[in-house]
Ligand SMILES: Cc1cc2nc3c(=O)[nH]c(=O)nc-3n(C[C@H](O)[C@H](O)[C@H](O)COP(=O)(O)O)c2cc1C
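What follows is one chain in structure tokens, specifically the form predicted alone.
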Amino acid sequence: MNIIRVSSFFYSPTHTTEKIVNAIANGAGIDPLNIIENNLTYPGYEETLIDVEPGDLVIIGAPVYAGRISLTAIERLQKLKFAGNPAVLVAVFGNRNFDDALIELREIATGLGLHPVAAAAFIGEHSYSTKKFPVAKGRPDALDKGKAKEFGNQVARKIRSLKSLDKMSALALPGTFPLPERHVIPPSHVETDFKKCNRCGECQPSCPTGAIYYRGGYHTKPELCTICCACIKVCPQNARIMMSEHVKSFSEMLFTTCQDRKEPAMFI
């Protein structure tokens, strides 16, 4: 099978998944003009989607929240449809564990009409990472991106060696199947410290669910906040603050228990 074009689809509030997916796509060894990016992160993403062609290699990427794929990513992915394209599955986790995320992504991709041929779990700076309690700070770094590019090259070689996708066995991945009940994260949201806020507006467009609105200052609709922490990362005044003590204590726990550098896990 030949790869003429790569179509990537990613949900990436803090841009870590985006960086890994792009590195994998670039490793496939095709003309950069034939790499199509579909960013599912922000409201209105439907208007920018580019149709997938029958021969495209599809890359699907999403972050891991509590050992599973982000619910917002799932909701947006499930609106897509494919026609038997080979697929690479990518989960990006914050140096703790990817648990059942790749299996969940495999089941989603298969349901969308894709043929998963490879999968990988890469590390990105944890959403809850702070200056005081950094977790996987700066990742994916150059080493991660290099491994992602090489993974893309390995996937391309595998696909070129295939005569047909129909006779491939199911992609074996670590985790629990059938999928267990999803871990429930206690309700929380991010809010603005108005004493620090200078109303620059950087937070509002960074929000993947449109939870931030302006009314005499920047406020948050708690029911829409997924605590992805994108707004915290982009705020130059450190004025966006986590309201949950549970998340704050969890951040400290991660800092204590997840300092050893973990490396990507790849499955072809």
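Counting begins at 1, following the sequence as shown. What you see is a predicted model, and the numbers here were worked out from it, not measured in a lab.
This protein has a second form, the form predicted in complex with this ligand, left out of what is shown; the following refers to that one.
With respect to this ligand in the model of the complex, the three residues 130, 206 and 240 uniformly fall beyond 4.5 angstroms at the level of their nearest heavy atom. Although the partner is absent here, residue 67 lies within 4.5 Å of this ligand in the model of the complex, judged by heavy atoms. Heavy atoms of residue 9 never reach within 4.5 Å of this ligand in the model of the complex, leaving it off the interface. Residue contact check for residue 95: one or more of its heavy atoms lie within 4.5 Å of this ligand in the model of the complex. Shown alone here, residue 228 lies within 4.5 Å of this ligand in the model of the complex, counting heavy atoms only. Shown alone, this chain has one stretch from 102 to 110, 119 to 127, 147 to 155, 72 to 80 that lies within 4.5 Å of this ligand in the model of the complex by heavy atoms: 119 to 127. Of the residues 179, 143, 185, 165, just one reaches this ligand in the model of the complex with a heavy atom at 4.5 Å or closer; this is 185. Along 2 to 39, a non-hydrogen atom within 4.5 Å of this ligand in the model of the complex is carried by 11, 12, 13, 14, 15, 16, 17, in order along the sequence.
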